[in-house]
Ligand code: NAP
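The chain below stands alone, shown as structure tokens; this is the form predicted alone.
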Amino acid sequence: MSVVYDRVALIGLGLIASSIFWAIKRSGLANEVTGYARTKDTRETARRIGLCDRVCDSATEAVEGADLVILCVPVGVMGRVAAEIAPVLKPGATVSDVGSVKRSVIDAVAPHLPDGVHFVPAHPLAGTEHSGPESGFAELYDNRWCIIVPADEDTDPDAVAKLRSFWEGMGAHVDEMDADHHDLVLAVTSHAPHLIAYTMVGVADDLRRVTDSEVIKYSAAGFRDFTRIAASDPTMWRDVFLTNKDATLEILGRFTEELFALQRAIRTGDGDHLYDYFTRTRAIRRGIIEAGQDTDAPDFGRGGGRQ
């Protein structure tokens, strides 16, 4: 790949930003990458491991002169960060993000950005249960999807095309989507499943008839995968549920209806209903495997938790 942006600034230096940096370096997508993290400890860690060409001590220093700025902070603080960096953004620069909620991010960030700066939100559908600057790796986005969500119908198509090339250069497949539809899709595929996983792990913690050692020792694949999901960053997920409230509640309402129907089938011994339901859901799993988004290996292809 050739250079897409001369200078890229990463605001927030956790798993996603760290992986972006290593993927940029792997493919030569930028000449320089600057970075900033809120805490001094994180900045020192980034410097120690060589994360970013230059780690700055303020967000404004990091974004000055940058052609692409990516906000890699929790969605709840993106508006505040945008207000902070707005005065020093380079004319013609693109501001993007990696948040898993889009409508609230657009509403929070867009009003702060000056004319002549392009706002092209994005959401890479990739991650692990690990967080922090040391958890990133260049292959995180390989064969994963990144959804680009233009802030409005007037978004510059060249800025969108350039960001698409950038993500494709990091190994991702790219799609475009409307913000509200994105938030509904993610409520189905990510947000509600995470909440259910948190609940299931919490239930196990509450069942005093099952000891902690039994929960740990006898965790078959089902509960084990719940715990993997429930280990995700608590600040990020708190903000996700508070900012994608309507779509998540809609899907959780639908989930509750389905759960009641399954409870009724179990109570009444309706084996046909259970069999038909599980057959349909099994087909969805096969579709995910066939789309290359997971494997049918016994460990689901995770090989140590990096997928």
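Since this is a predicted model, take the numbers as computed values, not measurements. All residue numbers refer to positions in the sequence shown, first residue = 1.
Absent from the display: the form predicted in complex with this ligand. The rest refers to it.
Visitor: Among Val95, Val149, Val81, Ala187, which has at least one heavy atom within 4.5 Å of this ligand in the model of the complex?
Guide: Of the listed residues, the single hit is Val81.
Visitor: Exactly one residue in Ala110, Val77, Met200, Ala86 has a non-hydrogen atom within 4.5 Å of this ligand in the model of the complex; which is it?
Guide: Comparing distances to this ligand in the model of the complex, the residue within 4.5 Å is Val77.
Visitor: Though only this chain appears here, would Leu13 touch this ligand in the model of the complex if you measure heavy atom gaps against 4.5 Å?
Guide: Leu13 belongs to the contact set for this ligand.
Visitor: Indicate whether Thr42 is a 4.5 Å heavy atom neighbour of this ligand in the model of the complex.
Guide: Output for Thr42 is yes: heavy atoms within 4.5 Å of this ligand.
Visitor: Heavy atom to heavy atom, is Ser104 within 4.5 Å of this ligand in the model of the complex?
Guide: No, no contact at 4.5 Å.
Visitor: Any chance Pro193 has a heavy atom within 4.5 Å of this ligand in the model of the complex?
Guide: Residue-level check for Pro193: no, no contact with this ligand.
Visitor: Using a 4.5 Å heavy atom cut-off, indicate which stretch of 68 to 76, 111 to 119, 158 to 166, 172 to 180 touches this ligand in the model of the complex.
Guide: Stretch 68 to 76 is the one.
Visitor: Suppose contact means any heavy atom within 4.5 Å; which members of 252 to 289 contact this ligand in the model of the complex?
Guide: Residues within 4.5 Å: none.
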